[in-house]
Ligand SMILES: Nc1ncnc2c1ncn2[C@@H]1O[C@H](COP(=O)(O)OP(=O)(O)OP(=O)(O)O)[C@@H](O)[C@H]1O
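Before any questions on binding or motion, here is one chain by itself as structure tokens, the form predicted on its own.
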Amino acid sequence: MAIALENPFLVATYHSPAYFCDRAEETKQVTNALSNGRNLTLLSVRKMGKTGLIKNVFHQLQKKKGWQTLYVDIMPTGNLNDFIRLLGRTVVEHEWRQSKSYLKKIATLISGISAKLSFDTVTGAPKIGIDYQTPQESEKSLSEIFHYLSAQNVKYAVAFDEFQQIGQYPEKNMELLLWSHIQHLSNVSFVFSGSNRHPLTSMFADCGRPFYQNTALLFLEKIEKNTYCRFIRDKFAKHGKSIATELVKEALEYYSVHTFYVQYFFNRLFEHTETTVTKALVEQVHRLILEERSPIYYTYKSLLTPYQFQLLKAIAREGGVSRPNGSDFIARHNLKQGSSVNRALSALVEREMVYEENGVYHVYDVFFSKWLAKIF
């Protein structure tokens, strides 16, 4: 039985379906794909709830007999060896949680990937150490891990989060290497998710690349506003607190219905609420969040050229712009000619401070956008 949480607005982890807002159709799509042996690519801008959706799908799959799930966030990895260490550790720790006789079960795997096994002195969890000297050793170990999964009498759902990271590896054959193993796994289905839309889309849509047309594509949209509003009001009500529909919808609009920022705001608002939420309290929490982040955001300013920062401010004030090199936008914000805007915009996109969605450019961090519009 799941423990009830004091604050129902989660910002850092997945707890259970009770604390997960909607995504019923997306959960169904991903679950159906994996259950029927189809791989899937999940795309969205950052902090829109990809990881939560994956964990919610895995929660459903784990109820089914014969299913196991592995979640692997590869953002921290920088090369093939890092990837193998992380995947190997994930498999070993999963078996440790599943079976008391896991050592016997994974002995062949540990030997096959030339890993050294040790144990955490506090938790007793197994840890593996790997140090490969040649590409051949690395590729053999990757093959051994996939072979281990294929030999188990269960079905696996494996999620590689921030999958676009493999494009940054020095090993340029990484896509081909992975696909050469994945395509032969009859009992393993994969979710490839990421927030850097263009490189990930290219990876799966470019006819010259190994993963071309080998997965279904799902782009994660914002949660429908009325649905989100009901979820939020319900959570307040279940804890003996109340908030007007109008205040909820105003906050959803203010944060562009962007999942993380909505969750964080209502987490803080819930913390400050005794019984009834007032408009004054809502405005106080808005200010508090920006004040707390102000030192970080001033640091961001120092990382940009004055013109890049001027363009960033302009985009924040507009709340999004479809023609950043248009004469009207340039005139409103005293910017230079279109070519200068294009160069600065490319730099901001490269730094992931700005993103483009459906032809509109936005500041990536919604809190930062509000801070820019308010402070400057």
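One rule holds for the numbers: they count along the sequence shown, beginning at 1. The structure presented is a predicted model; accordingly, all values stated were derived computationally and were not measured.
There is another form of this protein, the form predicted together with this ligand, and it is not shown here; the text below is about that form.
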query: Listed residue (61, 335, 45, 345) with a non-hydrogen atom within 4.5 angstroms of this ligand in the model of the complex; finding: 45
query: Partner-facing stretch of 30 to 38, 317 to 325, 304 to 312, 50 to 58, counted where any non-hydrogen atom is within 4.5 angstroms of this ligand in the model of the complex; finding: 50 to 58
query: 163, 175 and 349 each touching this ligand in the model of the complex (heavy atom, 4.5 Å); finding: no
query: Proximity of residue 353 to this ligand in the model of the complex, heavy atoms at 4.5 Å; finding: no
query: Contact test in the model of the complex: residue 263 vs this ligand, heavy atoms, 4.5 Å; finding: yes
query: Contact label in the model of the complex: residue 247 to this ligand, heavy atom within 4.5 Å; finding: no
query: Any non-hydrogen atom of residue 259 within 4.5 angstroms of this ligand in the model of the complex; finding: yes
query: Heavy atom within 4.5 Å of this ligand in the model of the complex - qualifying residues of 6 to 23; finding: 10, 11, 12, 13, 19, 20, 21, 23
